[in-house]
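This document starts with one chain, in the form predicted alone, laid out as structure tokens.
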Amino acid sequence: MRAVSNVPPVTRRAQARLGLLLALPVAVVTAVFFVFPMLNALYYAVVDFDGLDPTPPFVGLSNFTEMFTDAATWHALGNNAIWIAIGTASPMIIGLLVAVVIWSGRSGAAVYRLLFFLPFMLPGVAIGIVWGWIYDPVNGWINRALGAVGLGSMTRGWLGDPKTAIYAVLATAIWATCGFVTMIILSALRNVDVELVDAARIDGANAAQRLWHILLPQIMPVFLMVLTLTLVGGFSVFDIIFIMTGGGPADATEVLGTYAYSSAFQLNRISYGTVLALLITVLAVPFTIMLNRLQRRLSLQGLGA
């Protein structure tokens, strides 16, 4: 038997109008900052725009075909893969362990929080410039420290050597990101059931077992949120590489972001740079959706902080 609503029609219409009114700002922001830029990007992707011609010729899928047959695209994508693998796993692991250590201790916790979060507060441009000085082959702190401890044979131009450049920039990015991961996970740890941790300790569980079986499951939604942000940053990384190496030497640190920039604004191939930017979006969105759905499912199940 069909259920009859007790809400008067006038009230239902008022609720519907109120719902539309509340959703309007979000709809406007989405249209202005997502829908319109995406449609604009799709337009430039199918024309050959050089930044000057007001009526660029239509080229169809030629830009996409060139992208998939361009060796430089695959090289940049490979560097993105290295960045995503190392630049995601390292700060997540280091940040988690540091957060647990700070959370477990009592003295000086506020000082440690400030010290670890300070790098994340600095602008990426400033970080890139300062670490460029640190890596300087003549006056850099790293080479001077190696020489001071008798390891002068290991000194080199870290950012000028194609074999070490990508990893040197990665180390800088990891240093800058660990503080953010630490602070977010530390905030989540404050909601952990301490009684479960104490019970596991009494039962003989060691620190690694308590972390894996007790702490991590309780903060998993927050952990996945930080993982999503870090992972997406690996796809869209640009500023720190652009400042420190510009994609060099010999394209050793070229990623999709820097390749899209150089194609669009240095070679005046706006359409090809747009296609490369779309590739970054297409690659990042599935991971974001998957991790967000997993985070939402865990939250609904009552797991996590």
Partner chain sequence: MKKIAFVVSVALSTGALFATAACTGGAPGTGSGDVQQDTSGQQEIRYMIGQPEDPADLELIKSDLKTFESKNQGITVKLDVIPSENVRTVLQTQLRSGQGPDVFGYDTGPGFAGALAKAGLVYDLTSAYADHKWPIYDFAKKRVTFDGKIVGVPSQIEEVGVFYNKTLFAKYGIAQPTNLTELTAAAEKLKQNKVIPFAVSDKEGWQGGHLLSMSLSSAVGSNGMDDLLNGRTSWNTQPVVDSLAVWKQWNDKGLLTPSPAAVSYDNANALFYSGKAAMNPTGSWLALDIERNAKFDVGFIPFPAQNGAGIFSGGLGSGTFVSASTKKADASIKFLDYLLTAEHGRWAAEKLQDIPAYPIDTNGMKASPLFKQVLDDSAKIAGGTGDFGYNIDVLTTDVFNNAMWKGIQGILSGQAEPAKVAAQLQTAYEKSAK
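Superpose the two forms; the largest set of C-alphas matching within 1.5 Å is the rigid core. Positions refer to the first chain, counted from 1. The structure presented is a predicted model; accordingly, all values stated were derived computationally and were not measured.
What comes next is about the form predicted in complex with the partner chain, which is not displayed.
For a residue to qualify, one of its non-hydrogen atoms must sit within 4.5 Å of the partner chain in the model of the complex; all three of F49, L159 and E254 qualify. Contact with the partner chain, judged by heavy atoms within 4.5 Å in the model of the complex, is confined among 130-138, 94-102, 111-119, 217-225 to 130-138. Taking non-hydrogen atoms only, L278 never approaches the partner chain to within 4.5 angstroms in the model of the complex. The closest heavy atom approach of T69 to the partner chain in the model of the complex falls outside 4.5 Å. At a distance threshold of 4.5 angstroms between non-hydrogen atoms, Y44 is in contact with the partner chain in the model of the complex. Among heavy atoms of Y261, some come within 4.5 Å of the partner chain in the model of the complex. Shown here without the partner chain, the chain has V35, F36 in 21-36 lying with a heavy atom within 4.5 Å of that partner in the model of the complex. Annotation for M290: C-alpha shift under 2 angstroms between this form and the one not shown, rigid core superposed.
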